[in-house]
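Starting off, we have a lone chain in the form predicted alone, written out as structure tokens.
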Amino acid sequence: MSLVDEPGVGDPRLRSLYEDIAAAGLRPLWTITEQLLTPTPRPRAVPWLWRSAVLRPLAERAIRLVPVERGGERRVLSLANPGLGGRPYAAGTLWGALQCLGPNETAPAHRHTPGAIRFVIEGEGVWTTVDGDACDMRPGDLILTPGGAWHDHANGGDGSMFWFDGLDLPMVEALDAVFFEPHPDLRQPVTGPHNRSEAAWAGGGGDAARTMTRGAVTRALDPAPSPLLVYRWAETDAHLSRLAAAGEGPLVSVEFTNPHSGASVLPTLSCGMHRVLPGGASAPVRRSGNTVFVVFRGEGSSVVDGCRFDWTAGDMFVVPSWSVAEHFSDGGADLFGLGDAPVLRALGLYREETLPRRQEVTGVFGEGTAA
């Protein structure tokens, strides 16, 4: 129905005005104010969960059937939020995906303006080369590929590897700033020994005081990406264990940081690890900005806007902007989280609120309420 067909637009002069406004490529604000200036964020993305029991078999089939080569570039299953009308995005600002690489395969070298992170779920023997620095990848590790950096993935082993891909692609696309360039060679040259940035910035064995902060970054901002390209699970695990031992529970969190400035690892993306202690339940919190979670270890559930999502290792789920979320686990669990908070903080748009009481569960995902 067009504006001139709306009830109440019976005055021929008013109908003529609206027709002329539309013909001029204009919209009258007084008719759309409530659509644009909402009391709270109204993201199109909806809370959703993608199960490892579905993702993993599809990825294994793709390894057998789909080659990794120029054009396709990557063997990736992108998370397509059903609220986004078919767009291959987990949320309005975040790309999330499962990437897989088979034995002795190489994913071609390229670079692009969107920044990316890799969180390793399973496998050994793979490295990501970023501007000549070959970063070895192991389960629980976080690897950065900043915007504009040449990067390729190589599997030197006999098994497959699976990892989570996170990008700011939807955000960069919205800014009309996506650029992409293939490298002249299938694989870029490796300069020097593997893990050079780790040796330079994390002391070779890791230094949690320089590379992660308790909770989340709240002040520091940096337009430059972290010079450290790989954050090791061993240091993350140890730091979370120290926080838990100090009585910081029932949920303890760290955010990975730029060791040079203390800011988030990329200017557009925050990466954190959250440990729900056995029997723990986090406070109900809502934040402006989107978050994609990857279950690394354990099992439990999250309640997002009243709907319970039961999850286990390898599952991925999204909490859209200003959705209330709380997490539970009887046996304990570790969740990796990717968010867009640095951009919201830089623009003065970030808000966070802890609710005084727990949510009432109104449905269970997959049982007719959110599936």
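Since this is a predicted model, take the numbers as computed values, not measurements. So that there is no doubt, residue numbering starts at 1 and follows the sequence shown.
Not on display, but discussed next: the form predicted in complex with a small molecule.
Heavy atoms within 4.5 Å of the small molecule in the predicted bound form are found in exactly one of 193-201, 215-223, 269-277, 145-153, that being 145-153. In the predicted bound form, at least one heavy atom of V76 sits within 4.5 Å of a heavy atom of the small molecule. Using a 4.5 Å cutoff between non-hydrogen atoms, R286 does not count as a contact of the small molecule in the predicted bound form.
Using a 4.5 Å cutoff between non-hydrogen atoms, Q99 counts as a contact of the small molecule in the predicted bound form. Although the partner is absent from this view, D165 contacts the small molecule in the predicted bound form, with a non-hydrogen atom inside 4.5 angstroms.
Between the options R210, R297, R138, H110, the residue in contact with the small molecule in the predicted bound form by a heavy atom within 4.5 angstroms is H110.
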